[in-house]
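To begin, one chain is listed below as C-alpha coordinates, in the form predicted on its own.
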(Lines give C-alpha, C1' and ligand atoms only; values in the text may rest on other atoms or scores of the structure.)
Protein backbone atom coordinates (compact mmCIF):
# COMPACT_ATOMS: atom_id res chain seq x y z
CA UNK A 1 0.00 0.00 0.00
CA UNK A 2 3.00 2.31 0.47
CA UNK A 3 3.05 5.12 -2.07
CA UNK A 4 -0.55 4.55 -3.15
CA UNK A 5 -2.67 7.63 -3.83
CA UNK A 6 -6.29 8.25 -2.91
CA UNK A 7 -8.83 6.03 -4.68
CA UNK A 8 -12.44 6.92 -3.84
CA UNK A 9 -13.86 3.84 -5.52
CA UNK A 10 -11.71 1.47 -3.46
CA UNK A 11 -11.95 3.84 -0.47
CA UNK A 12 -8.19 4.00 -0.08
CA UNK A 13 -6.92 7.37 1.12
CA UNK A 14 -3.49 8.96 1.21
CA UNK A 15 -4.44 10.92 4.36
CA UNK A 16 -7.49 11.61 6.50
CA UNK A 17 -7.87 15.01 4.79
CA UNK A 18 -8.50 13.19 1.50
CA UNK A 19 -11.60 11.67 3.08
CA UNK A 20 -13.35 15.05 3.07
CA UNK A 21 -16.52 14.92 0.98
CA UNK A 22 -16.76 16.16 -2.59
CA UNK A 23 -18.70 15.46 -5.77
CA UNK A 24 -16.37 12.49 -6.35
CA UNK A 25 -16.53 11.37 -2.73
CA UNK A 26 -20.04 12.31 -1.51
CA UNK A 27 -21.67 11.58 1.80
CA UNK A 28 -24.49 9.08 1.20
CA UNK A 29 -28.17 9.83 0.77
CA UNK A 30 -30.65 7.21 1.96
CA UNK A 31 -34.39 7.12 1.32
CA UNK A 32 -36.66 7.28 4.38
CA UNK A 33 -39.50 4.77 4.31
CA UNK A 34 -41.14 4.50 7.74
CA UNK A 35 -41.24 7.89 9.43
CA UNK A 36 -42.55 9.76 6.38
CA UNK A 37 -46.28 9.91 5.50
CA UNK A 38 -45.79 9.87 1.74
CA UNK A 39 -46.93 7.37 -0.86
CA UNK A 40 -45.25 9.09 -3.81
CA UNK A 41 -42.76 11.72 -2.62
CA UNK A 42 -39.21 10.39 -2.39
CA UNK A 43 -37.44 11.85 0.65
CA UNK A 44 -33.73 11.24 1.18
CA UNK A 45 -31.60 11.98 4.22
CA UNK A 46 -28.03 13.07 3.51
CA UNK A 47 -25.91 11.53 6.25
CA UNK A 48 -23.23 14.06 7.07
CA UNK A 49 -21.52 12.06 9.81
CA UNK A 50 -19.82 10.14 7.01
CA UNK A 51 -17.43 13.09 6.84
CA UNK A 52 -14.11 12.18 8.53
CA UNK A 53 -14.74 14.18 11.72
CA UNK A 54 -18.42 13.21 11.94
CA UNK A 55 -20.50 16.20 10.84
CA UNK A 56 -21.54 18.60 8.11
CA UNK A 57 -19.17 21.15 9.65
CA UNK A 58 -16.14 19.28 8.31
CA UNK A 59 -16.89 20.88 4.96
CA UNK A 60 -16.67 24.43 6.25
CA UNK A 61 -13.78 23.74 8.63
CA UNK A 62 -11.66 22.56 5.70
CA UNK A 63 -12.68 25.46 3.47
CA UNK A 64 -12.20 28.09 6.18
CA UNK A 65 -8.64 26.89 6.74
CA UNK A 66 -7.82 26.49 3.05
CA UNK A 67 -9.14 29.97 2.29
CA UNK A 68 -7.17 31.56 5.15
CA UNK A 69 -3.97 29.78 4.06
CA UNK A 70 -4.47 30.82 0.43
CA UNK A 71 -4.89 34.46 1.47
CA UNK A 72 -1.77 34.29 3.65
CA UNK A 73 -3.70 35.05 6.83
CA UNK A 74 -1.93 32.28 8.74
CA UNK A 75 1.63 32.97 7.52
CA UNK A 76 2.61 34.69 10.77
CA UNK A 77 0.12 32.93 13.07
CA UNK A 78 -0.11 29.37 14.37
CA UNK A 79 -2.95 29.76 16.89
CA UNK A 80 -6.60 29.71 15.89
CA UNK A 81 -9.58 30.81 17.96
CA UNK A 82 -13.18 30.04 17.00
CA UNK A 83 -16.60 30.23 18.68
CA UNK A 84 -18.52 27.00 18.16
CA UNK A 85 -21.41 24.85 19.29
CA UNK A 86 -19.13 21.82 18.94
CA UNK A 87 -19.01 20.39 15.44
CA UNK A 88 -16.99 23.14 13.76
CA UNK A 89 -14.68 22.92 16.75
CA UNK A 90 -14.20 19.19 16.11
CA UNK A 91 -13.38 19.74 12.44
CA UNK A 92 -10.99 22.63 13.05
CA UNK A 93 -9.26 20.85 15.93
CA UNK A 94 -8.57 17.74 13.88
CA UNK A 95 -7.46 19.74 10.85
CA UNK A 96 -5.29 21.91 13.10
CA UNK A 97 -3.70 18.73 14.45
CA UNK A 98 -2.92 17.64 10.88
CA UNK A 99 -1.56 21.04 9.82
CA UNK A 100 0.39 21.97 12.97
CA UNK A 101 -1.81 24.74 14.37
CA UNK A 102 -3.11 25.02 17.92
CA UNK A 103 -6.72 26.00 18.52
CA UNK A 104 -8.87 27.58 21.22
CA UNK A 105 -12.66 27.16 21.09
CA UNK A 106 -15.10 29.42 22.92
CA UNK A 107 -18.48 27.86 23.58
CA UNK A 108 -21.52 27.78 25.81
CA UNK A 109 -21.51 25.79 29.04
CA UNK A 110 -25.00 24.64 27.95
CA UNK A 111 -23.52 22.54 25.12
CA UNK A 112 -23.78 18.78 25.82
CA UNK A 113 -20.93 17.58 28.01
CA UNK A 114 -20.05 14.95 25.41
CA UNK A 115 -19.01 17.69 22.99
CA UNK A 116 -17.10 19.70 25.57
CA UNK A 117 -15.30 16.55 26.69
CA UNK A 118 -14.35 15.42 23.18
CA UNK A 119 -13.04 18.83 22.19
CA UNK A 120 -10.61 18.69 25.08
CA UNK A 121 -9.71 15.08 24.30
CA UNK A 122 -8.97 15.96 20.67
CA UNK A 123 -6.53 18.66 21.81
CA UNK A 124 -8.57 21.87 21.79
CA UNK A 125 -8.19 24.54 24.48
CA UNK A 126 -11.81 25.09 25.57
CA UNK A 127 -13.12 28.31 27.12
CA UNK A 128 -16.71 28.00 28.41
CA UNK A 129 -19.05 30.96 28.86
CA UNK A 130 -22.73 31.55 29.53
CA UNK A 131 -24.32 31.68 26.10
CA UNK A 132 -26.95 30.04 23.93
CA UNK A 133 -26.44 26.60 22.34
CA UNK A 134 -25.46 28.21 19.05
CA UNK A 135 -23.41 31.30 20.02
CA UNK A 136 -25.59 34.41 20.02
CA UNK A 137 -24.28 37.03 17.57
CA UNK A 138 -25.40 39.99 19.69
CA UNK A 139 -24.37 38.75 23.13
CA UNK A 140 -21.57 41.08 24.30
CA UNK A 141 -20.42 38.56 26.93
CA UNK A 142 -20.92 35.43 24.80
CA UNK A 143 -18.68 33.00 22.93
CA UNK A 144 -18.40 35.13 19.78
CA UNK A 145 -17.40 38.24 21.74
CA UNK A 146 -14.79 36.28 23.74
CA UNK A 147 -13.30 34.81 20.56
CA UNK A 148 -13.14 38.25 18.95
CA UNK A 149 -11.38 39.66 22.00
CA UNK A 150 -8.89 36.78 21.93
CA UNK A 151 -8.30 37.30 18.21
CA UNK A 152 -7.02 40.81 18.95
CA UNK A 153 -3.84 39.21 20.30
CA UNK A 154 -1.17 39.09 17.56
CA UNK A 155 -0.56 35.36 17.91
CA UNK A 156 -4.24 34.46 17.22
CA UNK A 157 -6.44 34.40 14.13
CA UNK A 158 -10.22 33.94 14.11
CA UNK A 159 -11.66 32.26 10.99
CA UNK A 160 -15.20 33.28 12.05
CA UNK A 161 -17.56 30.74 10.55
CA UNK A 162 -20.50 33.06 11.30
CA UNK A 163 -19.57 35.75 8.75
CA UNK A 164 -16.88 34.19 6.56
CA UNK A 165 -18.01 33.63 2.96
CA UNK A 166 -15.80 30.53 2.91
CA UNK A 167 -18.57 28.86 4.94
CA UNK A 168 -21.34 28.91 2.29
CA UNK A 169 -18.72 28.57 -0.45
CA UNK A 170 -17.81 25.17 1.00
CA UNK A 171 -21.36 23.98 0.38
CA UNK A 172 -21.51 25.67 -3.01
CA UNK A 173 -18.44 23.64 -4.02
CA UNK A 174 -19.37 20.31 -2.40
CA UNK A 175 -22.87 19.79 -0.95
CA UNK A 176 -24.75 21.34 -3.85
CA UNK A 177 -22.92 19.42 -6.60
CA UNK A 178 -23.16 16.18 -4.61
CA UNK A 179 -26.94 16.43 -4.21
CA UNK A 180 -27.44 17.47 -7.82
CA UNK A 181 -25.47 14.44 -9.04
CA UNK A 182 -26.90 11.94 -6.51
CA UNK A 183 -30.51 12.74 -7.44
CA UNK A 184 -29.69 12.65 -11.18
CA UNK A 185 -30.76 16.31 -11.38
CA UNK A 186 -34.29 15.43 -10.19
CA UNK A 187 -34.19 17.17 -6.81
CA UNK A 188 -37.23 19.40 -6.17
CA UNK A 189 -36.73 20.35 -2.49
CA UNK A 190 -33.60 20.94 -0.41
CA UNK A 191 -34.06 21.19 3.38
CA UNK A 192 -31.59 22.20 6.08
CA UNK A 193 -31.72 23.31 9.71
CA UNK A 194 -30.46 26.87 10.22
CA UNK A 195 -27.48 27.68 12.42
CA UNK A 196 -24.75 29.63 10.63
CA UNK A 197 -26.95 29.17 7.51
CA UNK A 198 -23.96 28.16 5.39
CA UNK A 199 -25.50 24.87 4.25
CA UNK A 200 -28.77 26.26 2.91
CA UNK A 201 -27.22 29.45 1.55
CA UNK A 202 -24.27 27.80 -0.19
CA UNK A 203 -25.82 24.59 -1.51
CA UNK A 204 -29.07 26.43 -2.19
CA UNK A 205 -27.33 29.01 -4.37
CA UNK A 206 -25.74 26.24 -6.42
CA UNK A 207 -29.00 24.32 -6.82
CA UNK A 208 -30.98 27.43 -7.78
CA UNK A 209 -28.41 28.11 -10.50
CA UNK A 210 -28.99 24.61 -11.83
CA UNK A 211 -32.80 24.75 -11.62
CA UNK A 212 -34.57 27.81 -10.26
CA UNK A 213 -37.72 25.86 -9.35
CA UNK A 214 -35.93 23.88 -6.63
CA UNK A 215 -37.51 24.79 -3.28
CA UNK A 216 -35.13 25.80 -0.49
CA UNK A 217 -36.62 25.19 2.96
CA UNK A 218 -34.95 26.51 6.10
CA UNK A 219 -35.97 25.01 9.45
CA UNK A 220 -35.43 26.84 12.74
CA UNK A 221 -36.31 26.00 16.36
CA UNK A 222 -38.65 27.85 18.68
CA UNK A 223 -37.39 30.50 21.08
CA UNK A 224 -35.82 28.95 24.19
CA UNK A 225 -35.08 25.67 22.40
CA UNK A 226 -32.70 22.95 23.56
CA UNK A 227 -31.20 21.83 20.23
CA UNK A 228 -27.44 22.48 19.91
CA UNK A 229 -26.09 24.22 16.82
CA UNK A 230 -29.27 25.88 15.50
CA UNK A 231 -30.78 29.33 15.95
CA UNK A 232 -34.22 30.75 16.59
CA UNK A 233 -35.64 33.33 14.19
CA UNK A 234 -34.59 36.26 16.40
CA UNK A 235 -30.96 35.13 16.34
CA UNK A 236 -31.12 34.29 12.64
CA UNK A 237 -31.96 37.92 11.88
CA UNK A 238 -28.54 38.84 13.27
CA UNK A 239 -26.74 36.14 11.31
CA UNK A 240 -24.69 37.48 8.39
CA UNK A 241 -25.09 34.34 6.25
CA UNK A 242 -28.88 34.19 6.73
CA UNK A 243 -30.36 34.99 3.28
CA UNK A 244 -34.18 34.76 3.59
CA UNK A 245 -34.59 36.31 0.15
CA UNK A 246 -32.96 33.16 -1.30
CA UNK A 247 -35.09 30.67 0.62
CA UNK A 248 -38.59 29.66 -0.42
CA UNK A 249 -39.92 28.77 3.04
CA UNK A 250 -38.98 29.12 6.70
CA UNK A 251 -40.49 26.62 9.14
CA UNK A 252 -40.48 26.65 12.95
CA UNK A 253 -40.28 23.37 14.88
CA UNK A 254 -40.58 22.87 18.65
CA UNK A 255 -37.94 21.16 20.76
CA UNK A 256 -40.40 18.38 21.57
CA UNK A 257 -41.20 17.75 17.91
CA UNK A 258 -37.50 17.59 17.03
CA UNK A 259 -36.53 15.14 19.79
CA UNK A 260 -39.57 12.92 19.27
CA UNK A 261 -38.88 12.59 15.55
CA UNK A 262 -35.17 12.05 16.25
CA UNK A 263 -36.15 9.05 18.40
CA UNK A 264 -38.34 7.67 15.60
CA UNK A 265 -35.58 8.09 12.99
CA UNK A 266 -33.23 6.01 15.13
CA UNK A 267 -35.75 3.32 16.04
CA UNK A 268 -37.80 3.05 12.85
CA UNK A 269 -35.28 3.88 10.13
CA UNK A 270 -32.19 2.53 11.96
CA UNK A 271 -30.38 5.77 11.16
CA UNK A 272 -28.21 7.12 14.00
CA UNK A 273 -29.30 10.75 13.62
CA UNK A 274 -28.91 13.57 16.16
CA UNK A 275 -31.60 16.06 17.27
CA UNK A 276 -30.92 18.65 14.55
CA UNK A 277 -31.75 15.92 12.01
CA UNK A 278 -35.11 15.49 13.73
CA UNK A 279 -35.58 19.25 13.54
CA UNK A 280 -34.85 19.42 9.80
CA UNK A 281 -37.04 16.45 8.94
CA UNK A 282 -39.93 17.73 11.08
CA UNK A 283 -39.80 21.00 9.16
CA UNK A 284 -39.83 19.20 5.83
CA UNK A 285 -42.84 17.10 6.81
CA UNK A 286 -44.79 20.21 7.81
CA UNK A 287 -44.68 21.83 4.37
CA UNK A 288 -43.91 19.26 1.67
CA UNK A 289 -46.92 17.54 0.14
CA UNK A 290 -47.19 14.07 -1.39
CA UNK A 291 -46.33 14.39 -5.08
CA UNK A 292 -45.18 11.78 -7.58
CA UNK A 293 -42.58 14.23 -8.95
CA UNK A 294 -41.18 15.35 -5.59
CA UNK A 295 -37.59 14.42 -4.76
CA UNK A 296 -36.54 15.83 -1.40
CA UNK A 297 -33.10 15.90 0.21
CA UNK A 298 -32.87 16.73 3.93
CA UNK A 299 -29.49 17.38 5.53
CA UNK A 300 -28.85 15.21 8.62
CA UNK A 301 -25.95 17.17 10.17
CA UNK A 302 -24.49 14.67 12.65
CA UNK A 303 -25.12 11.46 14.56
CA UNK A 304 -26.68 10.68 17.93
CA UNK A 305 -23.56 9.80 19.89
CA UNK A 306 -22.74 13.36 21.01
CA UNK A 307 -26.13 13.86 22.66
CA UNK A 308 -26.52 11.16 25.31
CA UNK A 309 -26.97 13.75 28.07
CA UNK A 310 -29.59 15.57 25.98
CA UNK A 311 -31.50 12.33 25.47
CA UNK A 312 -31.40 11.64 29.21
CA UNK A 313 -32.92 15.06 29.80
CA UNK A 314 -35.68 14.73 27.20
CA UNK A 315 -36.51 11.04 27.69
CA UNK A 316 -35.90 10.53 31.45
CA UNK A 317 -38.28 7.56 31.58
CA UNK A 318 -35.76 5.52 29.56
CA UNK A 319 -33.06 5.91 32.19
CA UNK A 320 -34.88 5.44 35.49
CA UNK A 321 -33.49 1.95 36.07
CA UNK A 322 -30.15 2.36 34.32
CA UNK A 323 -27.43 0.28 35.97
CA UNK A 324 -24.12 1.86 36.88
CA UNK A 325 -25.41 5.41 37.29
CA UNK A 326 -25.68 6.93 40.79
CA UNK A 327 -29.26 7.06 42.01
CA UNK A 328 -28.87 10.77 42.72
CA UNK A 329 -28.03 11.34 39.05
CA UNK A 330 -31.42 9.97 38.01
CA UNK A 331 -33.18 12.08 40.62
CA UNK A 332 -31.39 15.17 39.37
CA UNK A 333 -32.31 14.41 35.79
CA UNK A 334 -35.94 14.00 36.79
CA UNK A 335 -35.91 17.34 38.57
CA UNK A 336 -34.30 18.98 35.56
CA UNK A 337 -36.91 17.42 33.29
CA UNK A 338 -39.74 18.69 35.50
CA UNK A 339 -38.21 22.18 35.53
CA UNK A 340 -37.87 22.07 31.73
CA UNK A 341 -41.53 21.12 31.44
CA UNK A 342 -42.58 23.91 33.81
CA UNK A 343 -40.59 26.41 31.77
CA UNK A 344 -41.98 25.09 28.49
CA UNK A 345 -45.55 25.24 29.78
CA UNK A 346 -44.96 28.78 31.03
CA UNK A 347 -43.81 29.97 27.61
CA UNK A 348 -47.22 31.16 26.42
CA UNK A 349 -49.06 34.38 25.61
CA UNK A 350 -50.20 34.80 29.22
CA UNK A 351 -46.67 34.80 30.61
CA UNK A 352 -44.54 36.29 27.84
CA UNK A 353 -44.36 39.61 26.05
CA UNK A 354 -42.97 40.49 22.62
CA UNK A 355 -40.21 43.00 22.02
CA UNK A 356 -42.37 45.65 20.36
CA UNK A 357 -45.09 45.47 23.01
CA UNK A 358 -42.53 45.62 25.82
CA UNK A 359 -40.93 48.69 24.24
CA UNK A 360 -44.30 50.42 23.93
CA UNK A 361 -45.44 49.80 27.51
CA UNK A 362 -42.21 51.30 28.91
CA UNK A 363 -43.82 54.72 28.55
CA UNK A 364 -47.41 53.60 29.16
CA UNK A 365 -47.68 51.35 32.23
CA UNK A 366 -44.04 51.93 33.24
CA UNK A 367 -43.22 48.36 34.35
CA UNK A 368 -40.05 47.45 36.19
CA UNK A 369 -37.63 45.61 33.89
CA UNK A 370 -35.72 43.06 35.98
CA UNK A 371 -32.58 41.63 34.37
CA UNK A 372 -32.07 38.20 35.97
CA UNK A 373 -28.59 37.52 34.56
CA UNK A 374 -25.34 37.69 36.51
CA UNK A 375 -23.99 41.11 37.45
CA UNK A 376 -21.10 40.72 34.95
CA UNK A 377 -23.50 40.04 32.09
CA UNK A 378 -25.72 42.93 33.16
CA UNK A 379 -22.74 45.30 33.35
CA UNK A 380 -21.59 44.37 29.84
CA UNK A 381 -24.91 45.30 28.25
CA UNK A 382 -28.48 45.78 29.47
CA UNK A 383 -31.79 47.40 28.58
CA UNK A 384 -31.86 51.05 29.58
CA UNK A 385 -33.45 51.52 33.05
CA UNK A 386 -33.52 47.76 33.74
CA UNK A 387 -32.46 46.80 37.25
CA UNK A 388 -30.30 43.77 37.97
CA UNK A 389 -31.59 41.06 40.31
CA UNK A 390 -29.89 37.72 39.48
CA UNK A 391 -31.89 34.50 39.83
CA UNK A 392 -30.32 33.58 43.18
CA UNK A 393 -31.17 37.00 44.61
CA UNK A 394 -34.76 36.68 43.42
CA UNK A 395 -35.06 33.46 45.40
CA UNK A 396 -34.19 35.45 48.52
CA UNK A 397 -36.79 38.14 47.82
CA UNK A 398 -34.40 40.98 46.93
CA UNK A 399 -35.07 44.39 48.54
CA UNK A 400 -35.25 46.04 45.08
CA UNK A 401 -38.50 44.21 44.36
CA UNK A 402 -41.63 46.40 44.53
CA UNK A 403 -43.76 46.20 47.66
CA UNK A 404 -46.91 46.17 45.53
CA UNK A 405 -47.38 42.56 44.40
CA UNK A 406 -49.62 43.71 41.52
CA UNK A 407 -47.06 46.12 40.04
CA UNK A 408 -46.15 45.25 36.39
CA UNK A 409 -42.79 43.50 36.00
CA UNK A 410 -40.93 42.30 32.88
CA UNK A 411 -38.15 39.76 33.43
CA UNK A 412 -35.18 39.86 31.05
CA UNK A 413 -32.17 37.67 30.14
CA UNK A 414 -30.09 37.10 27.00
CA UNK A 415 -32.74 35.46 24.81
CA UNK A 416 -35.69 34.52 27.03
CA UNK A 417 -34.75 31.33 28.92
CA UNK A 418 -33.60 32.46 32.37
CA UNK A 419 -36.27 35.14 32.34
CA UNK A 420 -38.94 32.42 32.38
CA UNK A 421 -37.31 31.02 35.53
CA UNK A 422 -37.38 34.53 36.97
CA UNK A 423 -41.08 34.81 36.14
CA UNK A 424 -41.83 31.52 37.90
CA UNK A 425 -39.90 32.60 40.99
CA UNK A 426 -41.66 35.96 41.16
CA UNK A 427 -45.05 34.31 40.79
CA UNK A 428 -44.14 31.92 43.61
CA UNK A 429 -43.39 35.02 45.71
CA UNK A 430 -46.89 36.34 45.04
CA UNK A 431 -46.29 38.77 42.18
CA UNK A 432 -49.28 38.56 39.87
CA UNK A 433 -48.43 40.88 36.97
CA UNK A 434 -45.19 39.41 35.55
CA UNK A 435 -44.16 38.83 31.94
CA UNK A 436 -41.00 37.29 30.47
CA UNK A 437 -39.42 39.16 27.53
CA UNK A 438 -39.28 36.99 24.41
CA UNK A 439 -35.94 37.50 22.66
CA UNK A 440 -34.27 39.11 25.68
CA UNK A 441 -31.46 41.66 25.39
CA UNK A 442 -30.30 40.02 22.16
CA UNK A 443 -33.61 40.67 20.41
CA UNK A 444 -33.88 44.12 22.03
CA UNK A 445 -30.48 45.03 20.54
CA UNK A 446 -31.47 43.73 17.10
CA UNK A 447 -34.55 45.98 17.18
CA UNK A 448 -32.36 49.00 17.89
CA UNK A 449 -34.11 49.73 21.20
CA UNK A 450 -32.11 51.63 23.86
CA UNK A 451 -29.43 49.74 25.74
CA UNK A 452 -26.56 50.58 28.05
CA UNK A 453 -23.13 49.16 27.19
CA UNK A 454 -19.97 49.03 29.26
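Owing to the predicted nature of the structure, the values given are computational and were not obtained by experimental measurement. Residue numbers count along the first chain shown, from 1.
We do not show the form predicted together with a small molecule, though everything after this point is about it.
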Contact stretch among 283-291, 123-131, 222-230, 350-358 - heavy atom within 4.5 Å of the small molecule in the predicted bound form: 222-230
If you check 371, 178, 302, 82 against the small molecule in the predicted bound form, which one has a heavy atom within 4.5 Å? 302
Looking at 259, 378, 172, 307, which is the one with a non-hydrogen atom within 4.5 Å of the small molecule in the predicted bound form? 307
Would residue 197 count as a contact of the small molecule in the predicted bound form, using a 4.5 angstroms cut-off between non-hydrogen atoms? yes
In the predicted bound form, does residue 87 come within 4.5 Å of the small molecule, counting heavy atoms only? yes
